[in-house]
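The chain below stands alone and is given in structure tokens; this is the form predicted on its own.
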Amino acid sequence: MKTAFITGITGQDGSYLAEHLLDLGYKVVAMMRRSATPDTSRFAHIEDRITMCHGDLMDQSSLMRVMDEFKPDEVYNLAAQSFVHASFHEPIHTGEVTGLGVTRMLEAVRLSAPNARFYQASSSEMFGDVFETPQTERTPFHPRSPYGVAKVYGHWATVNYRESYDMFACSGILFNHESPRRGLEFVTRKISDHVAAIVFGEKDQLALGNLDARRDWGFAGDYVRGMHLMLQHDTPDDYVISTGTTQSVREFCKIAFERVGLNYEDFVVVDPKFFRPAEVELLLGDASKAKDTLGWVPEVDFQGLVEMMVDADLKRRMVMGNGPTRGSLPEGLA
């Protein structure tokens, strides 16, 4: 039985990846920071099947200790300060965790589990003010946020350790991937949750920033399969994971409100405070390399993703026993 080690288990990707690896027969070890109130809600349904341990990307000694204790076959480094908007307010912390944290993890693997295969969660935000469309593994980086800058550091650190120490180290350059487990601070989940809140009479409007920003949005459950496939290949490399299609925030709103029989224009307002200091207008990935080399293909399309998220937020409110006050519930939920 292979052992997989995951950082960032409390996040969206960590929970989906743990599910996937358990289904494949792995022993899953997951690292969390010590907390008086640990949040295990995203993986509560599989928590009893996961071996938990404590560590912190800010603490080198803790990373060395857990690598030495578990000697994993595969290491998936998903932990980060991952909210782009917050990175403008916390640039130093973002750099320490999202950037330098990768080097601490790589060093721990190199010294304490040198045979482990390593996956680094890189990001399409590294492309930023893009030089070409669509973006591939060879597209130059021009990050437009402290988060993107930190991800570039972590990405090149991974390449450097691969080339310097002959480590099996891969980076997955994942474009935006969402799910019902996405945090409420992210625009996609903010939209789906507000749609449900509006239907149930809890809110009257949804305030957003740039409605015309376009992203390549996929389903997180599809993308974690790509992470795993990278570490099964014969040679380590970097791969773009994306759908190859792009939609605007406005289009996301339109489908989300249509799911409940409402017009987004009646509820969505633009608030300048939600604009980024430096905006990324368009991200569109070309995942041809992952498809040709790894055999990875996404299974959930954009409309299916939006409707899945809206339905999940509607169901959360339905269990409370309240009924809708406007709009209509989708067929199957009514």
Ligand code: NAP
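Treat the numbers as computed from the prediction; the structure is a model and nothing was measured. When you see a residue number, it is the position in the sequence shown, counting from 1.
This next part talks about the form predicted in complex with the named molecule, which is not shown.
The named molecule in the predicted bound form is approached by Arg33, whose closest heavy atom lies within 4.5 angstroms of it. Put simply, Pro298 is far from the named molecule in the predicted bound form: not one heavy atom of it is within 4.5 Å. Taking the partner from elsewhere, Arg182 is found to have a heavy atom lying within 4.5 Å of the named molecule in the predicted bound form.
Contact annotation: Ser123 falls within 4.5 Å of the named molecule in the predicted bound form, judged by heavy atom distances. For the three residues Gly11, Leu78 and Asn176, a heavy atom within 4.5 Å of the named molecule turns up in the predicted bound form in every case. Residue heavy atoms within 4.5 Å of the named molecule in the predicted bound form occur in exactly one stretch of 108 to 116, 143 to 151, 68 to 76, 258 to 266, and that stretch is 143 to 151. Of the residues given (Asp286, Glu47, Glu307, Asp56), Asp56 alone sits with a heavy atom within 4.5 Å of the named molecule in the predicted bound form. Proximity to the named molecule in the predicted bound form, defined as a heavy atom within 4.5 Å, holds among Ala157, Leu231, Val97, Val199 only for Val97. With contact defined as any non-hydrogen atom lying within 4.5 angstroms of the named molecule in the predicted bound form, the stretch 187 to 209 contains no contacting residue.
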